[in-house]
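As a starting point, one isolated chain is supplied in structure tokens, in the form predicted on its own.
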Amino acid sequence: MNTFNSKSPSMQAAAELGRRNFLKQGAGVVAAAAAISALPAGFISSARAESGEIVVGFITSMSGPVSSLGIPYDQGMKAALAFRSKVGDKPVRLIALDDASDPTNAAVNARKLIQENNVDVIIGTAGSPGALAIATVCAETKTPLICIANANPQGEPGNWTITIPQPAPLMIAGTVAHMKQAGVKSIGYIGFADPWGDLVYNALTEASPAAGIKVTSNERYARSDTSVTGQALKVSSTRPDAVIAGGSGTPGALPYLALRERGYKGQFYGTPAIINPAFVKVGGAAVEGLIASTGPVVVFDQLPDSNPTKAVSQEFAKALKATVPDAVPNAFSGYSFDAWVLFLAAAETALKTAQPGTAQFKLAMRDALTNAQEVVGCHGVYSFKPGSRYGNDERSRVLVKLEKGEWKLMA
């Protein structure tokens, strides 16, 4: 039976028996949990073994400041499950949890999914800080993570992670190329004071010198801030030809709104992290004409039929309409869908050598994910290799312009 809810199923039968035995002896909950975690690595319940069920944990932000991204992620996952809920003859059960936009909650949710639900893989979450927190837990427990936020964990956490969103250098290179062509000589920057803000700024400062563009500012703000007036004034004071912001979702609109309110008239640029309906609604007239790099799914109906991602995007749009009728494909729901496409491909490979619910299957899943080749999604064609979290190339990048509230493909 396939499920999509935030309630955890019962503990495995044998683990529950171990817990009861400890309770009979007067041990506390901590001792019981220790007994569960001490079960053999290859252990799975008889019911799980009989069904061959694959269990996927999904963490997103349905509440809090990152929910403008977390909700589209959730919509994309609902579409993904409707698209395909089996791998061969093996059923897939999805368990979804809300981290409330809190990295600590994200880590707690990951541990709960692994220890209590014995998930085979985790997909999540909406923000880079939360994703990095999950990656640490996944490395400790040797559980593969398909990251749907733009995060690049290093060391052992990176060895258990693949990242779906396009790397910042790839996407910023596309916008910088447009800046150069448009004659931009100076660019102001304002972004989140977190890993995503760092990724965008670093990519910008790496790409701009070769294009003859000077970065005039490096202003930061928190995702939970409600005003960036001070930062906007500092950016404006440097008199840049254009401004690019390293934010995401509705908080990502704040810099553009503040700059326009104070009379800034230069060109605005953006990143894939602001390509969602909530950003457009909040930004309104202030973000009209903004140019950004994004994945092809955002404008899939404007792509030529020869584009390899178009057919997958059409399948995604169909599944999304069936599950969330009012939603339209966007960058974030597309990331969830592509995470599922990669999960399906990896699970098919892993099933050839291991059984779901075992440590061997998790390892096989990790190896299949980190070695996936030419897997076509709606955001691009993915090829991974061990040691690199990203699997995208230029096929995952298009430039779009916001015209009358709609994203239009730029030639």
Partner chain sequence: MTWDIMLILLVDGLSTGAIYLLAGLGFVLVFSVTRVIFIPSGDIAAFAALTLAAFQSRMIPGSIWLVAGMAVLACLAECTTLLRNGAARQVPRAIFFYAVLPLIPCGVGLAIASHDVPEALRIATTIGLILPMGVLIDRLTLRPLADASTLILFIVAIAVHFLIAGIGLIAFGPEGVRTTPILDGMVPLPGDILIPAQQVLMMVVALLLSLVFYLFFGRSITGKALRATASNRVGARLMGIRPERAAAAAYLIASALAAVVGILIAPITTMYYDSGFMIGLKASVGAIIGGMASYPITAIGSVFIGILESWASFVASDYKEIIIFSVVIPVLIWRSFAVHRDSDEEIEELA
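Numbering follows the first chain given and starts at 1. The structure displayed is predicted, hence computed values, not measured ones.
The form predicted together with its partner chain exists for this protein as well; it is not shown, and the discussion that follows is about that form.
Note on contacts: among Q154, S224, T104, Q181, the single residue with a heavy atom within 4.5 Å of its partner chain in the predicted complex is S224. Shown without its partner, this chain lists N118, T175, T309, T250 as candidates; in the predicted complex, only T250 has a non-hydrogen atom within 4.5 angstroms of its partner chain. Shown here without its partner, the chain carries R220, K234 and R262, all of which come within 4.5 Å of its partner chain in the predicted complex through at least one heavy atom. Remark: L257 counts among the residues lining its partner chain in the predicted complex, judged by a heavy atom distance of 4.5 Å or less.
Interface membership of P65, defined by any non-hydrogen atom within 4.5 Å of its partner chain in the predicted complex, is confirmed. Its partner chain in the predicted complex is approached by N276, whose closest heavy atom lies within 4.5 angstroms of it. Among heavy atoms of V282, some come within 4.5 Å of its partner chain in the predicted complex. Comparing 376-384, 355-363, 341-349, 57-65 against its partner chain in the predicted complex, the single stretch with non-hydrogen atoms within 4.5 angstroms of it is 57-65. Although its partner chain is not shown here, in the predicted complex the stretch 193-207 places heavy atoms of just one residue, A193, within 4.5 Å of it.
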